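Only one chain comes next, encoded as structure tokens, the form predicted alone.
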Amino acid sequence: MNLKVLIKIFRKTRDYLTQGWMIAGLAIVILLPFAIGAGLYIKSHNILVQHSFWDLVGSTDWKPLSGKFGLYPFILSSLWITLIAILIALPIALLSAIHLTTYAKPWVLRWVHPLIDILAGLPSVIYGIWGVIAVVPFVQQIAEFMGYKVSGYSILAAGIVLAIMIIPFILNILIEIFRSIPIELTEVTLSLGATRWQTIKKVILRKALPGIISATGLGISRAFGETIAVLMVAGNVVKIPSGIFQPGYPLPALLINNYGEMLSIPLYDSALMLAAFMLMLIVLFFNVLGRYTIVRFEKRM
């Protein structure tokens, strides 16, 4: 066997090994969500044997020592807080991204981008402390002005803090989306006599709509999973909130407040695992919904 044949065999073997490592890495990425979901479901099986899933999800009673594990108040609190956060964060991030990529000078974006990255990299506990110092008193003053006597630790406070946390995350995505739109589209529209705002509304936003939907879905997923900052300002009272000035108790706060202390009680541990499984299902639902919306829109376009 000559040297050329050996080199050819070596190169083919190296290519096969490299491809094998790539496939193995891809398989891990694909299988990991299923493995996490399966693990949470198995750990939740104990409580699902004794209680109906829909009874647990729809019940408002959370009395673990009495065997009652209603998750409805926690799910509803998470939905309220996330909805408030996305309603605040999305318009701010969208308008900021439009200004930075369309109206502002290039040097403005070069200066602002590092600041956005700094905000995105701050630990969540910093946002939580800032929420306790600034947002909670602000919400309390608003509530008192409207005739409510509350402590300020509420769904609204949690939503505001969470919105501030996810604005840099959504804004970074939107900036990249707007920058990826070909400049020729803008130039052609402007050359036809359209104003800059008409160009943004009729061309840029329509072109960027799938990306905006995707950024919104990722923002919702990020908001749902946030724990420390929300826990510090939400109030953490187990009841169905009757308004935005009432305290809430989101699912991540339930997990971090109770997990570790109640592992000796199998049913309690199983209930917390079910709460984690529910959190994963809700995030998965919003991701799938966002992806489905994008596909439908692209087909229409």
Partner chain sequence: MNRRRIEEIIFRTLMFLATMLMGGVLILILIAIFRNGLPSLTWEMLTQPPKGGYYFGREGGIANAILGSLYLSLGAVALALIIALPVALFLNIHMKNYERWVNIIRFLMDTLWGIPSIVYGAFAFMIMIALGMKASLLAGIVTVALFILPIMIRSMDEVIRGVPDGLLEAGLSLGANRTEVAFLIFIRQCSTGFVTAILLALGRAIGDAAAVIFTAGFSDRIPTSIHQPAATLPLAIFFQLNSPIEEVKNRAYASAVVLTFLVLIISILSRYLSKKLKNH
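All of these numbers come straight from a predicted model, not from anything done at the bench. Numbering follows the first chain given and starts at 1. The term rigid core refers to the most C-alpha atoms you can superpose between the two forms while keeping them within 1.5 Å.
There is another form of the same protein, the form predicted in complex with the partner chain; it is not shown, and what comes next is about it.
- Interface residue remark: residue 177 is not counted as part of the site for the partner chain in the predicted bound form, having no heavy atom within 4.5 Å.
- Not displayed here, the partner chain is approached by residue 171 to within 4.5 Å at the level of heavy atoms in the predicted bound form.
- The partner chain is not shown here, and in the predicted bound form it never comes within 4.5 Å of any heavy atom of residue 211.
- At a distance threshold of 4.5 angstroms between non-hydrogen atoms, residue 43 is in contact with the partner chain in the predicted bound form.
- Judged against the partner chain in the predicted bound form with a 4.5 angstroms heavy atom cut-off, the residues 48, 63 and 246 are out of contact without exception.
- Here is the short version: of 238, 36, 265, 57, the single residue with a heavy atom within 4.5 Å of the partner chain in the predicted bound form is 36.
- Within 4.5 angstroms of the partner chain in the predicted bound form, the stretch 272 to 291 places a non-hydrogen atom from each of 273, 276, 279, 280, 283, 284, 287, 288, 291, taken in sequence order.
- Superposition on the rigid core between this form and the one not shown places the CA atom of residue 34 2 Å or more away from its counterpart.
- The pair residue 174 and residue 291 is tighter in the predicted bound form: their Cα-Cα distance falls by no less than 3 Å compared with this form.
- Three angstroms is the minimum change: in the predicted bound form, the CA atoms of residue 118 and residue 290 sit closer than in this structure, by 3 Å or more.
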